[in-house]
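Just one chain follows, in the form predicted on its own, and it is written as structure tokens.
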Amino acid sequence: MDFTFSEDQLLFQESVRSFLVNENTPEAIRQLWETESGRSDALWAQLAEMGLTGMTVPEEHGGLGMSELDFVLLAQEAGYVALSEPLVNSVLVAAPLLAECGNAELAAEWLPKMASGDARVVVGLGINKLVEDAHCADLLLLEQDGAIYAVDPAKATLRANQSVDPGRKLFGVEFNSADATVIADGDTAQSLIANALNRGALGVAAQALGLAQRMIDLSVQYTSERKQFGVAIGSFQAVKHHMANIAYKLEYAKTPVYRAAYDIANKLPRATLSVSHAKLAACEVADLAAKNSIQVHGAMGYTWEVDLHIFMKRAWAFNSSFGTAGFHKQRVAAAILADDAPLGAGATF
């Protein structure tokens, strides 16, 4: 197993980070909060122009035909800037589901539009009680009663729900199955749902890594400028410990996330275990980053005026997206406590 990233992958990550940091600034995020949709068509078009919306779309449908491992570093960068556009869910969840559903007509109609950025396709799984970005979707792929339906948003009823993170738009969605198209049921649907859940959890884990890094960077910047007794508070050992505790946990969390991406990309049987390990590790470090960053910012860390809260609230919101910590701990426990579980170095973690 080798999930070392190539020079090209790392250069592309650097390029995407540079673009996103310049375009999706905290000021731009706050401006989007004031709009009705909370989304930017202009930014989405730029993401499409860079080829990001078509990365996992098969080449025969106009995409780049790349894998989850190719995209995981870019999902990390989406987390670093708290991107609100549905890029990660579209590329990691919706496009592979459409490509694998077996409905050639539906795939041929929608995948080229997804690749070009002309259509946003959103997936709603039962594990997420609310559907994110249903309001801006051109097509909804929804799980209901063990089947997956393709739903025209115009024929569904959307009920908006608030999130702790103003950048997330969540909706309860009701639809009449008679107005929808069944794209999979039975065992096929269960397989598609399981794969979509794993890919969604991987996307959350990768973004959590980016969020943790951003909170470290913001806190280091703040503690380098804020002074007490004539010196920067970042020079105090107690403050350094708070940041160091996040930094080393973040490094340890990266490996399980990249391994999970590798396992999904190569369709390995242990992918479910790897994904749950990755989400637990990444969300834990993002939570720690939020806690320690608030600590070193003092009371200011809670306020709307400080950028930290943008990333902190996204980290909190991710805790229950595509499975709570309890759900993923149960999956890990089931895997390692099975009678025939392969355990030990090279087999477990």
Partner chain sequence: MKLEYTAEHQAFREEVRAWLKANVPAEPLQSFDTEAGFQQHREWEAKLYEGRWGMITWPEEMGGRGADLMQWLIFEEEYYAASAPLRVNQNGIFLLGPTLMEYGTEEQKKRFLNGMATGKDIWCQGWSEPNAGSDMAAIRSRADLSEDGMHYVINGQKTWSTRAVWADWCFGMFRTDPESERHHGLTFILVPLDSEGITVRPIPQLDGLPGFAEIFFDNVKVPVDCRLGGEGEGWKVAMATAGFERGLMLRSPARFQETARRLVALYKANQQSADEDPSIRDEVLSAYMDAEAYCLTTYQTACRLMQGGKIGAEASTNKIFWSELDQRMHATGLKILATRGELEPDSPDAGDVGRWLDGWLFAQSGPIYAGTNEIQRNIIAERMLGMPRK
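Numbering follows the first chain given and starts at 1. None of the values given here were measured: they were computed from a predicted structure.
Heads up, the form predicted together with its partner chain isn't pictured, but that's what we're talking about next.
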- Please pick, from 120, 214, 169, 277, the one residue with any non-hydrogen atom lying within 4.5 angstroms of its partner chain in the model of the complex. 277
- Item | Candidate from 159, 155, 241, 129 lying within 4.5 Å of its partner chain in the model of the complex - any heavy atom | 241
- Message: Only one of these stretches, 226-234, 190-198, 173-181, 100-108, has heavy atoms within 4.5 Å of its partner chain in the model of the complex; which one is it?
- Response: 226-234
- Query: Mind checking whether each of 258, 336 and 348 has a heavy atom within 4.5 Å of its partner chain in the model of the complex?
  - Reply: yes
- Look up in the model of the complex whether residue 136 has a non-hydrogen atom within 4.5 angstroms of its partner chain, and give yes or no. no
- Task: Look up in the model of the complex whether residue 115 has a non-hydrogen atom within 4.5 angstroms of its partner chain, and give yes or no.
- Result: no
- Message: Please determine whether residue 273 contacts its partner chain in the model of the complex, using a 4.5 Å cut-off between heavy atoms.
- Response: yes
- Item | residue 220 within 4.5 Å of its partner chain in the model of the complex, heavy atoms | yes
- Interface residues of 157-191 toward its partner chain, as seen in the model of the complex [heavy atoms, 4.5 Å]: none
